[in-house]
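Below, in structure tokens: the form predicted on its own, a single chain.
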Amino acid sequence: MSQTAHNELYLALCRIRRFEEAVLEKFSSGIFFGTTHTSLGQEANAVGVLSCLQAGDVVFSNHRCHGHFLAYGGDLRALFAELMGRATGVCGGRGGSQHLHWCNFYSNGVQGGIVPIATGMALAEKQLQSERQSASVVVAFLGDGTLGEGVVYESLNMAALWGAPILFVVENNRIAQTTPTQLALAGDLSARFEAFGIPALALESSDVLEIRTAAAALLDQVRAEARPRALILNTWRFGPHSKGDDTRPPDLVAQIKDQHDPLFIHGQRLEPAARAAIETQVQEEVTAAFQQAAADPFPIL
């Protein structure tokens, strides 16, 4: 991979990190509406997977969607404005933090509910492929807590039976709100997909290059076979579930950050000057986007 490509990946990682930090930092000021769920520590998942997309592919995200939206190519100002309820927001200020729609990107805060919708989208894309002469696929991001929902398994059954071209990406951040995964999910996560004949790959990594390589291979298989695949990303969440509901000991969170920071891991591949320049550029972009969004009007009711 070229140095330019490394720089672009780091730029994408930094944009997500600085946006999410700004949201948590400024949330108590009252400028944002509703709630929010940041993806601090999970940036490599969004960038690694979505950097493999092709034109026409569909992405379905969940309540922790900011990183996915930005990695998809979404605009910083439009996302800030959406959280602020401004007319310039992604959905005109009416969707809020969890409910976004832009181009072929969708998100919804009902975790289990996104899986049948995404599966249906994949089946629709399959039906349209002969007309378009293309091989568009769907990527659906789930949390580990979603695997407690029965509708997920109904969807996996139909995806396997009918050959839905979809990649299920499970971001297992090891804690569902405040409940450690081992207290809520029995057995092996990959086996839950394999029981329906869906091949699954589990990855223990915060390295954007490793994730990108794995996702690219699986998406190639989905396109070639028009069949589902699953990618289990055993990841780490640095921040709280929402704004302040983190029950983990502070020293454990500090240890996680020290050992599994995707920005540090990939940043070592950059020249120091290039890394510093990207970090400065991103901070300026985030600051400007926030200020512009804060000055934007509210929608007319």
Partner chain sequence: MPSVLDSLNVGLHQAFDADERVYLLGEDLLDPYGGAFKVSRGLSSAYPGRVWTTPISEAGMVGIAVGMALRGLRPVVEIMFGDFITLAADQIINHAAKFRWMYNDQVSLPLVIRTPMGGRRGYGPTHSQTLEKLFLGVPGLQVLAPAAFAAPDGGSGPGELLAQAILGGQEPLLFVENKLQYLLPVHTPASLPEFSFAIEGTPAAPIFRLAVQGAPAPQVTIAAYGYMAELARQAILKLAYEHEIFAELVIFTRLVPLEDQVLCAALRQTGRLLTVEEGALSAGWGAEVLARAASALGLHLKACGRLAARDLPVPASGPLENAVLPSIQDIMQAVRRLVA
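Since the structure is predicted, the reported quantities are computational estimates derived from the model, not experimental observations. Numbering follows the first chain given and starts at 1.
What comes next is about the form predicted together with the partner chain, which does not appear here.
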- [ ] Indicate whether the partner chain has at least one heavy atom within 4.5 Å of a heavy atom of S107 in the predicted complex.
- [x] yes
Open item on the list: Contact with the partner chain in the predicted complex for D144, defined as at least one heavy atom pair within 4.5 Å: yes or no?
Closed with: no
Open item on the list: Whether S206 contacts the partner chain in the predicted complex should be assessed with a 4.5 Å heavy atom distance threshold; does it?
Closed with: no
Open item on the list: Check V58 for me: does it contact the partner chain in the predicted complex (non-hydrogen atoms, 4.5 angstroms)?
Closed with: yes
Task: Partner-proximal stretch of 209-217, 118-126, 195-203, 165-173 relative to the partner chain in the predicted complex, 4.5 angstroms, heavy atom - done: 118-126
Task: Proximity to the partner chain in the predicted complex, single hit among L189, A184, C91, A135 (heavy atom within 4.5 Å) - done: C91
Task: Sole residue of L100, V222, A78, M84 within 4.5 Å of the partner chain in the predicted complex, by heavy atom - done: L100
- [ ] Give a yes or no on whether every one of V23, I31 and L70 sits within 4.5 angstroms of the partner chain in the predicted complex by heavy atom.
- [x] no
- [ ] Heavy atoms within 4.5 Å of the partner chain in the predicted complex is the criterion; list the residues of 156-174 that meet it.
- [x] N157, M158, L161, W162
